[in-house]
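In structure tokens, one chain follows: the form predicted alone.
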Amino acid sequence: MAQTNFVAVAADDWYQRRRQDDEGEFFRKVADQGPRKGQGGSTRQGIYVFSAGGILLGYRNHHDPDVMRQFLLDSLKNWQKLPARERIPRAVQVGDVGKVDRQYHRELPKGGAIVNVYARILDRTADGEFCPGTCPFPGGDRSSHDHLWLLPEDINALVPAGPKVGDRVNVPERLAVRIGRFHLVDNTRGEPPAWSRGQMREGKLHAVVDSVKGDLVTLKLDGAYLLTTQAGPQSDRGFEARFLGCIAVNTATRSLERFDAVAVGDHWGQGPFTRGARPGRTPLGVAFALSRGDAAADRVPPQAAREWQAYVQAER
């Protein structure tokens, strides 16, 4: 139904309510017809159904499939109530995009790479093996989804000149810290606070050349992270994880051809918007897999890219 009767659009409210351009103005025009009008710069987060002319047909902020299915049905009924002249094809003419507010617009730099990032809570079997985790928080046992962006300079630094099997490479500090601060987070129940630079107690990645086949160089990744809000064992939130993976770079095109990695360890604590964490230290897994960026959803910016300079210069 969503594919047949609607045109689906996804955008980050954090950008949309701030951007001073045609897109931002249209979003606020629609949102201000609903219950969240962004007073004082507050959130307009939610699911909106609206006509091409910007008439709000329905609003909900829910994740239950049955609730959302009924919401779409009710919105279609409201669509049918519109005057016929507003429902015919091309009733609304959309002009060219005008000025874009670059302060609130993110694009992957040319030559960069997109990596899908998935986090999921885990449990341990009686034998100590990892297994799918359970928790009482609704949806907390599902995987979250974010994107890691690698810049061209990150990729170039991953391969030494004249690589040979066994060569050891230090992963650029900027990339290792970006992964730790912004992607080794428990975002399974909402939007967590990112780690500050000072909260990253340990976080180094090493790469060893595993094979060289023509222009394709494959490297194995190994590392460990310790992220805590306070120094010492009494920290109220933290993640201690081992990081293992495999990447491949085409040295001729300087393109990332593979990025498969996982960070697994014990996480504890919660943030202001990630309530409902399991008590104590419990297993969390974060998986990384290269995206080709073919779909629009693949190009959604990393959540932490809202603070662009902090994201790309994470080591500072």
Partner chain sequence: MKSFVGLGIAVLAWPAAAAAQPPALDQAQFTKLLAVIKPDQQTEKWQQIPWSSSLWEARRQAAREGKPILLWEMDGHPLGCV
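The structure presented is a predicted model; accordingly, all values stated were derived computationally and were not measured. For clarity, a rigid core is taken as the largest C-alpha set superposing within 1.5 Å between two forms. Positions refer to the first chain, counted from 1.
The same protein also has a form predicted in complex with the partner chain, omitted here; what follows describes it.
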Partner-contacting position among 51, 33, 70, 253 - heavy atom within 4.5 Å of the partner chain in the predicted bound form
51
Only hit among 216, 165, 131, 135 for heavy atom within 4.5 Å of the partner chain in the predicted bound form is 131
Within a 4.5 Å heavy atom cut-off, is residue 179 in contact with the partner chain in the predicted bound form?
no
Any of the heavy atoms of residue 112 lying within 4.5 Å of the partner chain in the predicted bound form?
no
How about residue 107 - does it come within 4.5 Å of the partner chain in the predicted bound form, if we only consider non-hydrogen atoms?
no
Find out whether any non-hydrogen atom of residue 85 is located within 4.5 angstroms of the partner chain in the predicted bound form, and reply yes or no.
no
Within 4.5 Å of the partner chain in the predicted bound form, which residues of 172-208 have a heavy atom? Give them in sequence order, or say none.
172, 173, 174, 176, 177, 187, 190, 191, 197, 200, 201, 202, 203, 204, 205, 206
Once the core is superposed between the shown form and the other one, does residue 85 show a C-alpha displacement of at least 2 Å?
yes
